[in-house]
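This document starts with one chain, in the form predicted alone, laid out as structure tokens.
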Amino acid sequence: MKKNILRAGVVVAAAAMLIGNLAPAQAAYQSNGSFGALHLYDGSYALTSSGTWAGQVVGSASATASDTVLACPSTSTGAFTFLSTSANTGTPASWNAKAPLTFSSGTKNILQPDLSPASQVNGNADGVKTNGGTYNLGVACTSNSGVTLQAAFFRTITVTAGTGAWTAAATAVESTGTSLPTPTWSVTTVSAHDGREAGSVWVGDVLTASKAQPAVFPADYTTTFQWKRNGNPIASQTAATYTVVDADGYAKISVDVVYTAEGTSVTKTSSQTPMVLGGSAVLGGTVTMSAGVSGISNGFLELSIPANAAASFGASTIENNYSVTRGTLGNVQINDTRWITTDGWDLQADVATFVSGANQIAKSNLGLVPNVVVASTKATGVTAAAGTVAGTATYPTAIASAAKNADLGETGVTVLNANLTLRAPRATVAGTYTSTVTLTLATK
């Protein structure tokens, strides 16, 4: 009874529109694989994207009129409404459920097909309602007594298990071009060439583009052409044919076909021809470069001294009636990764009085001569100071410096050491004397 009410409503409410809207309308391949857009209308002839299992819903090719017919291909001999998983949509024998349709008189058009899931009376629609899941619901154009699918207009719906309530995904023109054909080209030989091989292309030949469209193809696409030389567009060459010119010598030619429907354009590209023969041109071209650059932080300045660092002294000797002890400070490292500001730095040393119990040796008796450990230093612009002389030394004293704006190298690492000489005054009491060296690093 509901079905009859629906059809009566179409006749009465839409009578004024039927003359204008019964013309076939067909849109581009949809992103779900549908042959064209299928718009759904409820029992009040309002666009809808959801419904109940037995609720009234009809299909139309138009988003503005419920009575715009779906146009099956001319090769179709029958039609059905159907409910199927995506994997089985192309195989009528594997649909979950279906119901037969009839064409409008004298045409291959379908007017307002009843798409209520409950109306798919042949098959196992109840199983879909019980289990729920994702299915395709729509209209199939068939041949060979319903065995062969010519085209299918459908929406992808999600069915709620138990109630059968459903929600349809939105219509969307396929933007990736998966369903669109790949164009081809053919060559017409204009003049003979000695030793010409089959399949070769010469200057003067005419290339013809083929959209390679199958017999069953959505009608609403508009197409344009663009011929290319080595992948670059050839100016003003947008016809279906192209005459090979001298400038094409030693190049390869291809053609783009741009398919446009409902404001969406998709480009499909043919294979390239073999290298064009018979030309005298020497071709040039440009290569566009686009390289990303990552920002770096300015980095840091630090002085790194090993834990429990201790200078290394040898045994004392008597030289010119003085007790002299020589040693080395040990490596210390400066890390300067301020690659943006490259401010430079200064390192200085101060020495404490040498002490052995109640006895002392003044720090002026320690000579300290710094040096750069070249093998371990990556920074440049680093200079060691002249140092001090045992007996006349003054502290604090400069150890080394790095010039402003110097190249820090890959790591900004500087390694320093120093030669030490302790010359004790002649009246100094024998013993082991200890002291400390304090290093201070400052930016310039």
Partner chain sequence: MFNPKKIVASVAALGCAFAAFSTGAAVQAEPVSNSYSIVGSDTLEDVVNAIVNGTAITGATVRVTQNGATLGSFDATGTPYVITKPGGVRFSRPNGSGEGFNALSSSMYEGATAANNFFTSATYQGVGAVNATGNSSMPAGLKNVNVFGQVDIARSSSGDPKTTSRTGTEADATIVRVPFARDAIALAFTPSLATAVCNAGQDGDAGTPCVPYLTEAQLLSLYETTSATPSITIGVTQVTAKGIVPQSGSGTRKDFLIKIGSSSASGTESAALTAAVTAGRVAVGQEHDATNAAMTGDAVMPMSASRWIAMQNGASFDKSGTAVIGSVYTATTLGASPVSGTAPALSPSTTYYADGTWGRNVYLFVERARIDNTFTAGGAIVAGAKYDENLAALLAPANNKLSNSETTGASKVGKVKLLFGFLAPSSTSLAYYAPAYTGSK
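In this text the structure is predicted, and so the values were computed from the model without any measurement. Positions refer to the first chain, counted from 1.
What comes next is about the form predicted in complex with its partner chain, which is not displayed.
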Sole residue of 250, 339, 185, 103 within 4.5 Å of its partner chain in the model of the complex, by heavy atom: 103
Listed residue (30, 388, 56, 68) with a non-hydrogen atom within 4.5 angstroms of its partner chain in the model of the complex: 56
Which of 227-235, 112-120, 312-320, 261-269 lies within 4.5 Å of its partner chain in the model of the complex, heavy atoms considered? The stretch 112-120
Would residue 43 count as touching its partner chain in the model of the complex under a 4.5 Å heavy atom rule? yes
